[in-house]
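We've got the same protein chain twice here, in two forms, each standing alone as C-alpha cells: structure 1 and structure 2.
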Structure 1
C-alpha cells in the first residue's frame, strides 16, 4: 500500500507491506544506515545484503538521543566522505529516528532521509511529521529540528505478533482515536489482543493512525499555527512522568497515564463533560495492559518538568482535550491551577 502526503514543501511517501525492507538495499548504493544494535542482532539475515561499512549501530533508548551519539555519527559520515546527495536511512524505533532525523537535517545543511520504523509506536507516531529531537541536561527533546523523510517504509514483518510492542504503542493510538478519528478506537474495540494481528487488521490500524497524524501535520508543517497541539494530549503529564521515572515508565504507558489525568483535570474544571476513561479502560483491558502506578511523590517531582513545557506562554498552559469521540478542543489553564488539579486527579486515578 502506498500513500502520499504533502508537508510544507516536502512530499512524503508512506509504503506499507510485509517484507518490503529487503527491497531497499537495491535502491541506492550510497545509503548510509543508522540501525538499532538490537535489530542487528535479531535480524541478521535482513541486513546481510547491506555493506557492513555503511551501517552505524546505536543502542536503543533515550541515551542515543544525545550530543555524544550525534558527534560520533557525524564523525563517521565525514570519515567516509559522505556526500550531500547521498541518503541516510534509519532502521529502528523512535529514539533512533530522532537521532537520524537530527543528523540528516544538519549534516552539510541537510541530506535525504528514509525512515524505516520497526516498532508500532514509531510507525504510527515518531516517524511521521518531521520532528526530531535530542535530549539535553535531562530535558527531553530540548534540542530539535524539522526534517521530513522522503519515504517512510513500514515493513510489518518487524512487528508480527509482538504483543508488548502493541501495548507500548496504544497510548499514541488511543490518543489519535480520541482526538481525531473515532474509527481507530472502534477498530481496537472490535478486536482484541489476538485478532488484531490479522495482517489486514494491523495494517488498517497503522494506516488509520498515519492518516490521522498526517492530516494534522499537513496543516501545520512547522508547529507554528497551533494545529499540532492536538497531538500533545496526555503529553504534558506523560512526558513529566517519563522523565521522573527515568524512563522506567515508557512513553506509551506514560501518555496513557497522562491522558487519564489531563481528561480528569479538564472535566473537573468544567471545560468538557465528555469522559474518555471508559474507552481507555476498555482498551487497556482488551489488550491486557497492566498500567503502572504512580504516587504523590512522583507527581510532585514531575512539576519541575511541567514548568519547562514548551506549551507554556505567560504562565498559561495550552492543552488539548477530547470533547466527544474523535473531536477535541484546546483549552488554556494557568500553570499553577493545572498543577494543583493534577495532584487531585493523580490521587483519584493513579495511586
Structure 2
C-alpha cells in the first residue's frame, strides 16, 4: 500500500507491505544506514545485502538519543565523505529514529531521510510528523528539529505476531481511534490478539493510524497551530504516571491509564456523551493486556508533575477531550479544576 502526504513543503510517501525492506532502496549506493544493533542481531539475513561499510549500528534506548552518539555518527559520516545529496535511512524504533532524524536534519544543513520504523509504536507514531529529539542533562527531547522523511517504509515482517509489541503500542493506537477515526477501534474490536495478524489486518490497522496521524500533521506541520494538541490525549495524566512509577509503567500502558482518567474527567464535565472507557476496556480485554493498577496515592503524587505540564499557560491547561467516537474538541481548563476532577475520577477508577 502506498499513501502520499504533504506536510508543509515536504512530500512524504508512506509504503507498507510484508517483506518490502528486502527489495528496497538499500540497493542505492548513496544510502547510509543507521541501524539498531538489536535488529542487526535479530535480523541478520535482512541486512546481508547491504554493504557493511554503509551501516552504523547504534544501541537502542534513551542513551542513544545523546550528543555523544550524535558526534559519533557525524564523525563516521564525515570520515566516509558522506555527501549532501546522499540519503540517511534509519532502521529501528523511535529512539534510533529520533537520533537519525536529528542527524539528517543537521549534517551539512540537511540531507534526505528515509524512515524504516521497526516497532509498531514507531510505525504508527514516531516515524510520522517530522519531530526528532536528543536528550540533554537528563531532560528528554531538549534538543530537536522538525525534519520529515521523504519516505516511510513500513515492513510488517519486522513485527509479525509480536503480541507484546502490539500491546505496548495500543495506547497510541486506541488514542487515534477515540479522537480521530473510530474505524481504528472498530477494526481492533472486530479482531482479537490472534486474528489481528491474519489477512493483512495488521497492515490495515497501521495504515489507518498513519492516515489519522498524518491528517493532523498536514494541518499543523510545525505544531504551532494547536491542532497537534489532539495527540496529547491521555498524555497529561499518562506522563505523570510514568514519572511517578519511575518508568516501571511503560509509556504505552501509562497512556492507556491516562486515557481512562481523562475520559472520565471529560464525561464528568459533560463534554462526552458516550463512554470511551467501555471501548478502552473492551480493547484491553480482547488484546489480553494486564493493565497495571494505580492507587489513589500514586495519582496524588502525579499532581506535581501535572502542575509542570508544558501545555499549561497562565494556570490554564489546554487539552483534547473525546466528544463522540472518533471525534474530539480542544478545551481550556484551569489547572486546579483539572486536578480536582482528576481526584474525583481517581476515586471512581483507582483501587
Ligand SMILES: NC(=O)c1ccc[n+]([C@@H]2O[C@H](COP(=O)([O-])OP(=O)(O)OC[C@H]3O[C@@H](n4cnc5c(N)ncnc54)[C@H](O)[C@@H]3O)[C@@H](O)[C@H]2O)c1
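Numbering follows the first chain given and starts at 1. On a predicted model such as this, the values are computed, not experimentally measured, just so you know. Think of the rigid core as the biggest set of C-alphas that the two forms share within 1.5 Å after superposition.
Matching each structure to its source, the form predicted in complex with this ligand turns out to be structure 2. A displacement of 2 angstroms or greater separates the C-alpha positions of residue 239 between structures 1 and 2, with the rigid core held in common.
Annotation: Cα of residue 263 displaced by at least 2 Å between structures 1 and 2, core superposition.
Relative to the superposed rigid core, the position of the CA of residue 336 differs between structures 1 and 2 by 2 Å or more. Once the core of the two forms is superposed, the Cα of residue 312 has moved 2.6 Å between structures 1 and 2.
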